[in-house]
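Structure 1 and structure 2 below are two forms of the same protein chain, each written out on its own as structure tokens.
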Structure 1
């Protein structure tokens, strides 16, 4: 299942694979948050390099992620283009100085080192979490995911919802394909050849049977789970849960250090931005 949903969990024996899913989840979440908030270029670059090293250490092959990489590059490039076009002087207003490359500050379209640094920050923000997310996806068994969520404090009911999502995505996908083929065989068009309205009509034609079959499934799955006592207690145990080992505590320490550095930098920088132009 993991094969068609995620870029693909791969069983390997590396440090990252041995860490518990909860540790990786905490790491991903805390580094993402601190990275989202800070605009300290040095710090972002640091996290980025750090995660690239982890990525390399996890022995993930480039071929496993090449598809996702293309999408991310396209996404980042397009967004950066928009950010610039909408407000080319944004960097100047943030850093309060202007070191011009092209044009002057009074023109709408100009280019300054401040803007470049700001855009570079934005680029880092789009990309710094990607290696972390990929490491998480590629080194954590999908089965362990729900158990990890529960362990870091998410209620077990919500955690199990996530498990059910992962469990039934392939089934829903298969139903979707079957239904879509059957409807196309009756003349409905959903391919790019058709215009927006036709495609929307075709889409309704497909999702209606898909939704109705899924609603029936919700009923039976709920019954199957009640018959095996899901929801009986306020807690449950997990077959796939992993206990914290030495490595996990070590990882927590490293995560903690990075976060602390990030927070201290707010003080040093007097805010979220590192300003090299002063």
Structure 2
């Protein structure tokens, strides 16, 4: 099993690590919403480059996220393919013109520059949020993440559940490795040398014990929390909560400007779509 299968917090001394978890959460949600709503290619490219710069400044190594990147790339490519297959002329209907590359507008399967632009916008929507999400997950300590959720109005019970989930990811990973090695010692082959059916059977022999182990851990934690009367009070304090500093207010200002630009572009474009074919 790859050591990069799971994504978790990595402590480093960077600007993004020093920001409050609330700031990063609000920024991620705000930029994601405005990015998902708009279809202005210029704006999407801008926030994509902005997220890449933040990712670089966070000093996150590609080796730490290689697995999740492969999954996201595969999902994005498959989804783009399905979007084209089920509606190859959607770009023409959106932009109201056709500049054909292959075929003609009357054929079901055709390819136009309008369709390519639409598919490119869809791809940008998938990719621009990925660095932002990874920055948030890898630069925010789970306890601070829970405090951030509670700070913006989420119930502390839900916030604490999210924290526990993030904290137990390394334990689940450790259990997976232990069970995997034990099953391989018993003769179950799950490496690339075996055929697909054999690997599938070996995976089942790992997943089932992993599920029962995780359920047992959940029961243990639940009983411990009940004995400590967790959830009795309506509010609670947070040890890892951070107050907003000057850097947080500066980040809020930048986020606000980006969102305002995205909203103003709706008026400039007379809608969500930027049409370079007019």
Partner chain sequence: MVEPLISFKDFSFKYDSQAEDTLKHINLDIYPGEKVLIAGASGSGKSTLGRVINGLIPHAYPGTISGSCVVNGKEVADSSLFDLSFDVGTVLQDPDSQFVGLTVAEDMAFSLENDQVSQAEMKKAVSKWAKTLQLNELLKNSPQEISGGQKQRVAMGGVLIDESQVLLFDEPLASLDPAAGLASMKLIDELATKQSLTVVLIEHRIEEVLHANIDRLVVLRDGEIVANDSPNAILESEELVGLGLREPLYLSVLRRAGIAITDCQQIGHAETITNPAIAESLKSWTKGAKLTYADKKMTNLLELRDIKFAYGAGKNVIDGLNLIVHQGEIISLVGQNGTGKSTLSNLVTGFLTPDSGKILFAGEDMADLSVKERSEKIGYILQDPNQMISKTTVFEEVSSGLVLREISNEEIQTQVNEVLKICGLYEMRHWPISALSFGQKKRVTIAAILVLDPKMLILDEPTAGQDFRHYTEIMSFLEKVCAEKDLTVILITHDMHLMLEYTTRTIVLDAGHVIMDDTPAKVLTSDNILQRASLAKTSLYTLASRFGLPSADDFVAKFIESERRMR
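Here the structure is a predicted model, which means the values were calculated and not measured. The term rigid core refers to the maximal set of C-alpha atoms that superpose within 1.5 Å between the two forms. Residue numbers count along the first chain shown, from 1.
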Q) Between structure 1 and structure 2, which should be identified as the form predicted on its own? A) 2
Q: Would you tell me if residue 101 moves between structure 1 and structure 2 by 2 Å or more at its C-alpha, with the rigid core held superposed?
A: no
Q: Please say whether, between structure 1 and structure 2, the C-alpha of residue 87 moves by 2 Å or more once the core is aligned.
A: no
**Q.** Large Cα shift (2 Å or above) at residue 202 between structure 1 and structure 2, core-fitted
**A.** yes
Q: Once both forms sit on the same core, give the Cα displacement of residue 211 between structure 1 and structure 2 in angstrom.
A: 9.6
Q: Report, to one decimal in Å, how far the Cα of residue 158 moves between structure 1 and structure 2 once the rigid core is superposed.
A: 3.0
**Q.** C-alpha positional change at residue 172 between structure 1 and structure 2 - rigid core reference, Å
**A.** 7.7
